[in-house]
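The chain that follows stands alone, in the form predicted alone, written as structure tokens.
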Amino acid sequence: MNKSVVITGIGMIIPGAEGKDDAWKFLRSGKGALKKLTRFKSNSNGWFAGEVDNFNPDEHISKRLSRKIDRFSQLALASAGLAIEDASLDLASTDRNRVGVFVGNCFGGWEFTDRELRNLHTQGVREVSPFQATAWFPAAPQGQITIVHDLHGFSKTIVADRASGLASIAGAFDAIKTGRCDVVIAGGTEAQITPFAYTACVTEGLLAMGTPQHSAGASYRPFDRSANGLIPGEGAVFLVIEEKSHAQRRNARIYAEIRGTSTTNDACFPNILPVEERGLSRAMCNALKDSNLLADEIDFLVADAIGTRQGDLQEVQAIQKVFGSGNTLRVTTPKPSVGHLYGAAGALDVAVAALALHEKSVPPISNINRRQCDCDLNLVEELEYGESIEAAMVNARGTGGINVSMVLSG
């Protein structure tokens, strides 16, 4: 069975904004939310982050539940609820056995775990929360969303490093296309701005280390000569994804259609990336084939934009292999504005692509300086409008060689 798959709801909680409308306005402005890390005390002056400030979980979930779960589950529940509301999806009149939940995540619940491990080592085992195990594990947000909304459809948690969010939406696409679900709440969540999880990011060797003279925004510059890594950001982005006829029967607003996806793997562990570009271009070509679109029909690309010299160079090479050298494809990314959201990054990128297609406008890359551009790409410097904005591609990569590519149309 080949069914059409559409996006009908978007929920976003990101650094700088909460809710789809405010988040989209923020991303279109080209402003940035990266700053010196404040969530915990650090001995390093060079640690920056995209932090979600002023998030109050009690506005979205009960206080009783909130104290039992980690911040990454709180963000997920809140974002998923916003997506359901945005989609005007009445779950009471929907077959809950046909509604699934797909969640991408990398780290699990380390804010809860950092605290409870400290209690264990300083006060003893009796002071450890009985909810530690259920608060930490990466599948916790999936479980909580299904429980809170009483959903019984085919569901999964996908842990695929920084590609987790896009992989989760690709999995949801497949579940609907093959007839296993009518609706999937899909996306990603991450709350890694904790002592242990942030240190894990540092030891991977991908983080941009700032200096007192270097602003946080200036230190995450993908495709730039000064690029020296990424800056982590926390947040959650969820989408309501539906079989097209199901959405049409309830007169749902459709943001975009997911046309095709592909996943490849360079199998380069323990390397972060392969020695040379291989699998990303293959994933992009396969996604185009799956979508029945040609390369010259794609109007813009939301890049993986890892922010390292090697990583950016390989993505440029992949784009040139697929779209041709000297192509005029618009390339954008929200990551320099909010940080790399790891497990939620791909979901944010799909939300950006869907909104850009729906609103016929492509948001810019913040802090871009064309004079420092280290690649032959048509990077979006200012908000661009155009009725011809009809199709998009989204890329994501993870340590060890996973590559995910997705094609959407308006």
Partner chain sequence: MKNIHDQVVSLVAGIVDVSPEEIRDDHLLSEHLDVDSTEMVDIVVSLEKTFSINLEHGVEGKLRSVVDIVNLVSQKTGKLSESLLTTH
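Numbering follows the first chain given and starts at 1. Only a predicted model underlies this, so the values are computations on that prediction, with no experimental measurement involved.
Keep in mind that the form predicted together with the partner chain is missing from the display, and what follows is about it.
For the marked spot (Lys63, Lys68 and Glu127), a heavy atom within 4.5 Å of the partner chain in the predicted bound form is present in each of the three residues. In the predicted bound form, at least one heavy atom of Thr134 sits within 4.5 Å of the partner chain.
Remark: of stretches 231-239, 325-333, 281-289, 119-127, the one touching the partner chain in the predicted bound form is 119-127 (heavy atom within 4.5 Å).
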